Structure formats: structure tokens, C-alpha cells
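Shown next as C-alpha cells: one chain only, the form predicted on its own.
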């Protein structure tokens, strides 16, 4: 236990069948808070970056990797034995997969009556699309995000990162906590049917409300203000390579302060910019003038000049900005974790800080199959001879066998 600190979910064991991003985000949150997360993986799993600290490692940190061949009946029997000693079983397959393995809720509750089963499928277990396979960008398009993420009159832009996966992951972690609280009070487990399509649709925001209440169609706002009339209001190019700032001006007093910071150039006195209403009418022209000024300064300079004048302005951060951000560093957001190889990796931290049971990243990501032997020995009492036989028959695999196979092929 890191520096003697306790974590809220210590003693909870989760059997994790999730993959890609959404499901691993959910179990990463739970692992950071102390849950023992045992990942069931395939021997041919493909990773993005280092398993210790790359993209995959950041998603899998603090978990245990066990490689089991679920296509083999003996592998499925091992998984059922692990269910019997677990608290939660979670997956993000399409609705049919766990049923085909005999691992659906009705089957596994026969093994452990108070088990909690969480299915994070794309569309849920009912409805005409229940068997469809989905990825985050697909769900974003179906829920309207891809249309909204563009400038008016321009083509859909999409997101640089799969927001749907994060939305689904956070909802999945919350679902586990709710089910655990219910079991603590009642002694009963339950099945959680989570539709990732619904989780992303629920956070579309005001545009969705407009559809429901006013029968409107989804329409993009671009960088215009959605909360109240504001001009200038947008994201503006600054000096440097791909550097940007944001500026928002709501009131006349803010506009006058903005003009003073800029040195009251002649264009600010044009009739089309003298009132908020006229500035809103001529926002495109206004934005061009504003950007002529911002391009002469770094985003940090824009922020430092405008904020003291009472104007909302800030840097559009990139990765380097986040790395050196003084607020994140002061709060110890970045987790520096030692690896078994003697290296150090830097990972995302835990944004939720509990005073009595603080979460933290306890370990880097596991190598594929790194804990197969220890998990099966510790939880199921398998002998070395039994494990050797299962490995020889390709029912399970440890990291050493997987690496030897790959080296032989290459």
C-alpha cells in the first residue's frame, strides 16, 4: 500500500473482459481507487504504445493481465471459476458475446448469487440494434456530435479523441459503484445494462434539449457563444505553430476594455462594431480583425494582457501546456510510477481526491499475460504442473510463452 494510504475499493475484485478504450477507462477508475482488477485477455492482443506507460499502459495501469483462451471450453471453465471468487464481472462486447460463452448474468449468478454483472455494450441488450458492434466515433456520429463539431456551412469535423469512450467509461465506473452500494444494503447482486449510445446521447447538451422541446434539428454553433450573446467570441490563431487562444466579450464595458488593450485601432470605431447587436451581425469580419491582433502574440501573452483588464481569455492548451501547467503540478496530478524493469513512467493521475481513502496509481500497466500464473495459483490454487499442462494445450498463456512464440515467428 503506497505510503500506508488506504483506498476506498480495497477488497473488491473485478473480473475485467473489457477492451479498446471505454471499458478499460471504467476499470482504470476502479483500480485507481483500490479494486483488484483482473483482466482476461487474448494471447494475440494488440497494444498501442508501451504496455507499461503508453496508451495501452495508461488504460491498464494497476491491473493484472491473465491470458485465457475463451474459445476453449476449458478456458471458459477457468473464467467461471474466477467468477465464483469475484465481486463484479464487466465487459464491453456486443450483447451476444457473453451469452455465447455461457457467461451472461443468468448463468454466472448460479455460480455466485450476489455477483454484479456490468455489460457496457454499444446499444444495450434490447432493441433492434442490440447486436451491433460499435466504436466511439460511430456513436458520436449517431448521437449528433460529429455534425455539431464543425463550423456552420462546413463539413463535419469529428473529435480528435473519442469522447464517447470517456463518457461510457465514466458511466460504467459509476454503474459499478451504484451496484456495489445496492449489494452492501441488500446483499443482492444485479445486472447492469449500459448502452454507450445512450451515455453519449445524454450529454449532447442544449442542442438535444432543443430537439426535444422545440422539435429543432441539430445545428452547429462553431465557436459562437451558446450561453449568451457575445462578440468577439471564439478561438483565435496566435503566434507560433498551431497555437491558439480563446476570447469572450459579453458586455459593452468589456468591449471598451478590449479596445484599450489593443490601443483603440481605427477599426474598433467602425459603426458595425459600436454595439453588441451590430458586432453579432458582423462577427466574421470582427473575428478577422481580432485574429490579426492575436497572431502578433503568443496565447500566453494574449491571456496576460486581457485578463487583468477583466476580459475572459485563455490559452488553448496542447500537451506541453498540460505537462507544465502549475495547477496540475501543484495538485500532484501526474503520476510517476516505477516499473519492474527499473524505469519510471508518467501517467494520468486521479482527478478525485478523497481525504480518508485517496486514490492513486499503484502500478504501471501489466505486460500481456504477466500475472496469469500468480492469479491462477493465488485465487484457484492451481499447481505448477496443472498450469504447465494448460499452457502446453494453449488454454492459458503467460508473458514468457507469448514472447517466445512471437520471437519464433519473427
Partner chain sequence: MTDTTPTALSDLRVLDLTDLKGALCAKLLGDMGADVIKIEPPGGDAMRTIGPFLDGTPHRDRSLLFWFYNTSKRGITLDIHQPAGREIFTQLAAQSDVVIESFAPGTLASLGLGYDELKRLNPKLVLTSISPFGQTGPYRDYHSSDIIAEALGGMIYTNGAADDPPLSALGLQAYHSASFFAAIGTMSALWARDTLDEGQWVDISIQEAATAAVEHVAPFYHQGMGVQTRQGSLHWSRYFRVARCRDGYVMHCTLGDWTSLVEWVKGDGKEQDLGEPQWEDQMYRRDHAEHLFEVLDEWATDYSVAELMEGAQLRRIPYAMVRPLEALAEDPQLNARGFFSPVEHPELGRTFRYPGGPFFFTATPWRISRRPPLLGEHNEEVYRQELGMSEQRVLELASAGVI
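Fair warning: this is a prediction, and the values are worked out from it, not measured in the lab. Think of the rigid core as the biggest set of C-alphas that the two forms share within 1.5 Å after superposition. Positions refer to the first chain, counted from 1.
Note that the form predicted in complex with the partner chain isn't included here; everything after this is about it.
When contacts are defined as a non-hydrogen atom within 4.5 Å, none of 239, 296 and 360 contacts the partner chain in the model of the complex. Of the heavy atoms in residue 227, some are within 4.5 Å of the partner chain in the model of the complex. Contact check for residue 6: a heavy atom falls within 4.5 Å of the partner chain in the model of the complex. Within this chain, residue 310 lines the site of the partner chain in the model of the complex, having a heavy atom no more than 4.5 Å away. For the chain shown alone, residue 131 is a contact residue for the partner chain in the model of the complex, at least one non-hydrogen atom being within 4.5 angstroms. Screening 35 to 43, 370 to 378, 65 to 73, 348 to 356 for residues having heavy atoms within 4.5 Å of the partner chain in the model of the complex returns a single hit, 348 to 356. Of the candidates 339, 283, 138, 268, 138 is the one whose heavy atoms come within 4.5 Å of the partner chain in the model of the complex; the others do not. Here is the short version: of 113, 326, 187, 263, the single residue with a heavy atom within 4.5 Å of the partner chain in the model of the complex is 326. Scanning 296 to 335 for heavy atoms within 4.5 Å of the partner chain in the model of the complex gives 303, 307, 310, 311, 312, 313, 314, 315, 316, 317, 318, 319, 320, 322, 323, 325, 326, 327, 328, 330, 331, 333, 334 in sequence order. When two forms of a protein are overlaid on their rigid core, residues whose CA moves 2 Å or more are considered shifted, and residue 306 is one of them between this form and the one not shown. Relative to the superposed core, residue 185 undergoes a Cα shift smaller than 2 Å between this form and the one not shown.
After superposition on the rigid core, the Cα atom of residue 276 is displaced by 2 Å or more between this form and the one not shown.
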